[in-house]
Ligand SMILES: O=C(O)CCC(=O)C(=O)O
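Only one chain comes next, encoded as C-alpha cells, the form predicted on its own.
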C-alpha cells in the first residue's frame, strides 16, 4: 500500500496539530458554488523552507546521475543555455517531506470537510514553472483525465512561491464544475485540453496568493495557467485526494498508471462504489504521455 503514515506533526509553536482546521460553512459554500476556495498562508515559512531544501536536493541528485526520466521532466526551452526541470513526478513517494505535507492536519481536515472522513491520495506532482521559461498549461478539467464513479475528488495546489499573474498563477473558470467541456481533437482523440470556445462561459478568474497558500479545487473546475516569463519561479505542489467510495472507471493504460499512486490517507477502504455527479467523460487516449506533451502535440495537430 506504500509508505507508512508519518507520525503526528507539530505546528510552528511545537504543539500537537489536532483536528482543528476544518473549513467554515462560508468556505464550504464557496467551494460548492464556485468550484474552488483559496486559503492564504496555510503553511508557514518553515514549512516552505523544508520543501525548498528537499526540491533542491532531489534535483541535484537526479540531474547529476544518469537517467532522470522517472524522477522529473525538463522544460523544452533552455534557460541560460541549460535545460531546467518543469515537473517532478509523484513527489509523495519520492521523499518524506512530501509525505508529511500530504498527511498534515491543516490540509486533511479541510479535505474531510469537503468530501467526508474516508479518502485517499489519488496522485501527486510538482509543477516547477521556472523563471523565464515556465510552460503554459492550457484549459482543462482534471477529471477528464481520470473518470470516476463520482466527483468527490479535490485537487489541492500548494503555492511554494509567491504566485502572481506575471509568473503564471492559476486561473479558473468559476461555476463550471458541474459539467464537462469537450476535450477531443479533430480526430476524436483526447487532446488533454478543452477544445471548445470558452468565451461565452464567463470571465476567467486569476488566483494570485503568497507562498504557503493552498487552492482547494473541485476536480471538474476548468483551469489553466499562463507561461512564466518573469524573473521569479512559481512552483506548485499538487495533491489529488478522492473519497474512498469514488472508484476509477477503467479506460486503458492511463487507469493502471494512475492507480499505482493510490495511497490510503484517512478512514477505511470502501466496500461499495458510490455513483453520482455528472456523467463521467471517458477519454479516447492513444499512447500515454505527460500533460505538457499531450497539449503541445494537440495544439500542433489542430493548427495543421
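Note that the structure is predicted; figures quoted are calculated from it, not measured. Positions refer to the first chain, counted from 1.
Although it is not shown, the form predicted together with this ligand is what the next lines describe.
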_To test your reading of this chain, name the stretch in 232-240, 41-49, 247-255, 59-67 whose heavy atoms come within 4.5 Å of this ligand in the model of the complex._
232-240
*So, in the model of the complex, is residue 223 in contact with this ligand at a 4.5 angstroms heavy atom limit?*
yes
_Residue-level question: is residue 215 within 4.5 Å of this ligand in the model of the complex, judged on heavy atoms?_
no
*Is there a heavy atom of residue 127 no more than 4.5 Å from a heavy atom of this ligand in the model of the complex?*
yes
*Would residue 99 count as a contact of this ligand in the model of the complex, using a 4.5 angstroms cut-off between non-hydrogen atoms?*
no
*Name the single residue among 140, 148, 176, 103 that comes within 4.5 Å of this ligand in the model of the complex, judging by heavy atoms.*
140
*Using heavy atoms and a 4.5 Å cut-off, decide whether 87, 170 and 291 all contact this ligand in the model of the complex.*
yes
